[in-house]
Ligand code: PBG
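There is one chain below, alone, in structure tokens, taken in the form predicted on its own.
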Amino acid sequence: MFPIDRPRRLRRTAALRRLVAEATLDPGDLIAPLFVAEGLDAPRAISSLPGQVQHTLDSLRTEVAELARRGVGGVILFGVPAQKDAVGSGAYDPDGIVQVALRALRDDHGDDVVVMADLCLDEYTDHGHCGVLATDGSVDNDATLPLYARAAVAQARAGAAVVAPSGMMDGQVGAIRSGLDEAGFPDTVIMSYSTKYASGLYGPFREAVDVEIAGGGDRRGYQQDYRNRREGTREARLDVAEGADIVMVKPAMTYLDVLADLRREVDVPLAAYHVSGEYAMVKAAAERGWIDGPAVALEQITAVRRAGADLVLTYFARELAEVLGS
């Protein structure tokens, strides 16, 4: 008689479980999204993102230093400007809030911390869309691309090691790569939000960056349809062909199938963004005592790694670094 298969043997102790774990999570796998705002005297709490704030420049520097101390792999900056306009000029203004913050962090850390900058216009436009608008009110894809290239050069010049175009404009990676190379920044990394879905999970983020889409509109005309799976692989392949160094799936938990697809299809590093709504749901349930918040956060982010992500953008970065380092 053959012996009975007893896979439980490998689960008997914590040491055995750790030894044979298929997916691992380390603080160095995590990227912390951070918001920096103009005109604040003190950090401002974001009500729908418990534990997250709009930072002043000083509080941002303190937070990044603490994240680096905990071993977090990097940070990505989102700007909250005091003024907005139709073309999102703050995104590429050398004295825009993100460029100022990038220079400060570069002075503080040099190349010891991977500092990334989200690259889009929505935080800076008065209409809340990710690109400039045509006369009919639609987003003008081709007119937007030169502005993305200008923003990339401004961010690289200010010290960003990685620029992260998130607007889902066709051809954005190629335009940015050309702009960076022509400006003398061939080593600046492009992490493209290549596979970004029009999701209901972005609400808390829009509070965090003070974005409201004019007229109650949405971004379904340029972000991906949540019903589609194959489209995600197509978008990622296009971005890699245009020069993306890293590609991303956003949101994370709702699109683990897409994430697993991309892991099989592309050979560049793969990121996933555990977005504001995913974070907020865990926080809300934990506050009510319905779940163990830290345990669920650890389970979810590990699941994102298990599905194939090399790095995970998450608002849990600091908390998980503490748990993983203990």
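The model shown is predicted, which means the values in this text are computed figures rather than measured ones. Note that residue numbering begins at 1 and tracks the sequence as displayed.
One more form of this protein should be noted, the form predicted in complex with the ligand, which is absent from this view; the next part is about it.
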In the predicted complex, does C120 have a heavy atom within 4.5 Å of the ligand?
yes
Applying a 4.5 Å heavy atom distance criterion, does Q300 contact the ligand in the predicted complex?
no
Taking heavy atoms only, is R237 within 4.5 angstroms of the ligand in the predicted complex?
no
Please check if Y255 has a heavy atom lying within 4.5 Å of any heavy atom of the ligand in the predicted complex.
no
In the predicted complex, which of 255 to 263, 50 to 58, 23 to 31, 274 to 282 comes within 4.5 Å of the ligand (heavy atoms)?
274 to 282
Could you tell me which one of R150, R103, R206, H109 places a heavy atom within 4.5 Å of the ligand in the predicted complex?
R206
Just give me the residues of 149 to 167, first to last, that have a heavy atom within 4.5 Å of the ligand in the predicted complex.
S166
